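One chain follows as structure tokens, the form predicted on its own.
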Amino acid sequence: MAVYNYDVVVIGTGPAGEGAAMNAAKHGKRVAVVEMQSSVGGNCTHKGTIPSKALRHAVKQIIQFNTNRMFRDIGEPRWFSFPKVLERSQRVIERQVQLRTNFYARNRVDVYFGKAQFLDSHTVMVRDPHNATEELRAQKIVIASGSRPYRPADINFRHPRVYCSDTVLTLGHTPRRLIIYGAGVIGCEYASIFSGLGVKVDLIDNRDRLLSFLDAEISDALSYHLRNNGVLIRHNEDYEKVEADEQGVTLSLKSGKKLRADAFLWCNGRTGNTDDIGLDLVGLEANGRGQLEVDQHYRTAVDHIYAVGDVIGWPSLASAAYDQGRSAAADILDDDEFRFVNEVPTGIYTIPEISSVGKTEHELTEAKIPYEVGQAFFKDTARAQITGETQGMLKILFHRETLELLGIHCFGDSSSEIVHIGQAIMNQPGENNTLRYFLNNTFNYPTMAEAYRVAALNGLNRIF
């Protein structure tokens, strides 16, 4: 067995692993990464964020074509099959793999393809697809092995009509009716995508409202929009059993209801990829969801072993994972740029998308913080009328006395970009983080300025 020595070994090449590896390598460390799949990028590139967002973009373009009056001069509304739309995401994946492969080569990071497993707290064994093994020894190890869909044992995911959020990307036909169990972020995103293709969707939620961590008004707007596009949402429901046959799938709910569809998509939770990497050999233990506990420096219970990305749970966002990986490497390097990632804008890519940062109205009310609301509805802005993307709203929450910005919530086209600009101003020190500063400076960002200015003026008009 060949043995190689490194300063840092990173398990996983998703956003978290890439962030850690690149930051360490650019500061002169000898770095190796281990990837279980046959090419770099992790589940983010191959099964999650990249393919689903490419799929969403293609569906959004189809919706725009079929609903824009100008295109009626070209031809009638068009129908596209799911496999046809999926082709575009495959091309994006190939480009992303090529790009990221070049990153590792250019920065002299050694890439090992195979299954990683701890032998001791400083040694990782890599077993490749041909069963050959190599040992990687390192002073520091970063676990960035990502996550996969949680799949309960009583559901037969081998059946060709039963899918999870990974295997749905292999769906070879367009179902007429689809049951999505789980109305979290992934479930709502796929409900938007399939309904945009004309599929009748039953969305099963085991809570009393969609995405309950969001501001209630934004959550309600999402529910309305999904229903308006033919999605039937069923709240407070739990499954009893899933039965699949050659003609379709029957979902039996504990409430006594039975639903029938052409296909079934499970989107209820994810679990960290930690169950077979030998954590017991280094004195680490994952929780019931396969996640590792870390301190404020991303260190596990073993000081020189770090964990970042989906494998530590919240917020399970690609953007945050990349920052976490970079920060873990910064801690390894004793770099002053280290920061613990704790204020993360939420980006949810439904159609239209949702984004938020800061506190919700419910949280501010619970904390007894006096606040005011500024709102701007997209339908009233010139930009939305020009683009035709008139659905949505921007909502700013600010302190009634100091005018300090407390939360920004948006539902509509380009929400994540809009909120990103708001977060930059929220992070300004002192008096710069106020509604007046916000109002006076948003014209530096003309694509978003109008909605912010309307929301800010509407908020100020409530108290002056």
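Residue indices: 1-based, along the sequence shown. Quantities reported herein were computed from a predicted structural model and do not represent experimental measurements.
What follows is about the form predicted in complex with a small molecule, which we do not show.
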{"property": "Partner-facing stretch of 334 to 342, 363 to 371, 186 to 194, 209 to 217, counted where any non-hydrogen atom is within 4.5 angstroms of the small molecule in the predicted bound form", "result": "186 to 194"}
{"property": "Selected contact from Ala328, Ile354, Leu203, Ala321, since only one has a non-hydrogen atom within 4.5 angstroms of the small molecule in the predicted bound form", "result": "Ala321"}
{"property": "Contact residue in the predicted bound form, from Leu292, Leu222, Leu265, Leu317 (heavy atom within 4.5 Å of the small molecule)", "result": "Leu317"}
{"property": "Partner contact for Lys115 in the predicted bound form: the small molecule, 4.5 angstroms, heavy atom", "result": "yes"}
{"property": "Thr381 within 4.5 Å of the small molecule in the predicted bound form, heavy atoms", "result": "no"}
{"property": "In the predicted bound form, Lys47 touching the small molecule (heavy atom, 4.5 Å)", "result": "yes"}
{"property": "Heavy atom of Lys53 within 4.5 Å of the small molecule in the predicted bound form", "result": "yes"}
